[in-house]
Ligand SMILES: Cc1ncc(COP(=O)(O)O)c(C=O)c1O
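A single chain, nothing else alongside it, follows as structure tokens in the form predicted on its own.
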């Protein structure tokens, strides 16, 4: 090889390693398009949809007509017809993945036998490969430990509903009475959560029963929190100090607050049926959790014989951040890091619609020799009965055999380091583009979404919590043709809560779906709204304000600005 050729080899290598300028690309994507889907934007389809919705004009070909449609659906992005979006649909990264050709091939090979079909055995084996052999269902075991569901929230509902039925309240004082006289921020937050539940129960006309148990987490997501509360258990979020202080240099803002967790475990361990850690921390800005944090939670819970569970929806993305950011893990493979994470816990639920890279599917896995089974020996039998009654046999859980094969293939793909670098790099470039425009976002960027900080977005501008301007911001973006989600004052009922608080609008990026042009066009629409944020109107709640999970169901309208 000549010196000149060697020179170019070295320069090409240096070019591929550059990350210094947002919007410029030095590496190819880790994948190429095997098929494309054109947007459903023909004038005929728009007119047909407009007639169906009783809307004048054509929603895609006229922005004013789309504004009319946004008004028609009550400014709620969950109610807006997805096929009429001309831009990015960033409402969720759940089930919105573009599957690989290998996954599509597996769909054609599906075995649709009822119960214990071929796909189940393949998926069960892959659970052992991905998470560790202890997570496989042993076929000579007397009880089921692997439960398949149609999606993650069905798995978490099964867990919390049946856990609540197993908990004993005799001899335990209600939490409000148990904590009487306790001082400190964490106890104040528990009491505030009890009062919030009490208001909700009275508003619904139901009988109020004082909760006896609580489940701490680094950040319960909306449906997780609702499932826990529906079981009359307090869901409690313990964000780490670095996240509360908006420390943009701290690499693991998804960590649980170990001081507060330790205090609760020392004070009221009998009131804590399990501790839940979400990886990555979706509610807290999509932020990762450090391995050191996971190991410390294991130590604290083991000392008090309290089971430790994960909401593992984005386990591979979290493992990638550990590899990139945590000392001692730079030389480790993603597969190794994943198995180390799952060696520390007693069970987990997962929406496979995220890091399973599929459009449907979920699971609940419980370690046969873990603390959970020891503490609740009858619960595996209950879960099996519950699943048969609601979803089907635990070996298919509401899914077709072909879906199980696609999930197994997705779990093989998701730990590919090239895929993860491409996936998370795309999210980070989108975050950099927004930040360069001055839009306040949670930094460092997480793995699956960019979170716009609504409190800072409206800093210096009149913005009462009850104006719900995060909802208004999302509605304006719908008019622009892009769909995001408010996860803050309205979704999590944060009205009147003092900072720090998680008051965000989330742009969740589907996997393997969009390219830079799509996301950067969304960034430009966000920039335009941000530059004219003083003109964003307040909104009025038309219906749904007192409902559980109200952000899924409510309707709003823009208030007329005072001149």
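What you see is a predicted model; the values in this text were computed from it and never measured. Positions refer to the first chain, counted from 1.
There is also a form predicted together with the ligand; it is not shown, and the following applies to it.
Enquirer: Which listed residue (243, 153, 271, 433) meets the criterion of a heavy atom within 4.5 Å of the ligand in the predicted complex?
Expert: Of the candidates 243, 153, 271, 433, 153 is the one lying within 4.5 Å of the ligand in the predicted complex.
Enquirer: If you check 94, 145, 232, 117 against the ligand in the predicted complex, which one has a heavy atom within 4.5 Å?
Expert: Only one option qualifies, and that one is 94.
Enquirer: Using heavy atoms and a 4.5 Å limit, would one call residue 223 a contact residue for the ligand in the predicted complex?
Expert: Yes, residue 223 is a contact residue.
Enquirer: Might residue 103 be said to contact the ligand in the predicted complex, defining contact as any heavy atom within 4.5 Å?
Expert: No, residue 103 is distant from the partner.
Enquirer: Is there a non-hydrogen atom of residue 403 within 4.5 angstroms of a non-hydrogen atom of the ligand in the predicted complex?
Expert: Result no; residue 403 lies far from the ligand in the predicted complex.
Enquirer: Test of understanding: in the predicted complex, would residue 313 fall inside 4.5 Å of the ligand by heavy atoms?
Expert: So residue 313 counts as contacting the ligand.
Enquirer: Among 278, 282 and 351, does every residue place a heavy atom within 4.5 Å of the ligand in the predicted complex?
Expert: Every listed residue reaches the ligand in the predicted complex, so yes.
Enquirer: Among 153 to 161, 180 to 188, 478 to 486, 315 to 323, which stretch has residues whose heavy atoms lie within 4.5 Å of the ligand in the predicted complex?
Expert: Partner-contacting stretch among the options: 153 to 161.
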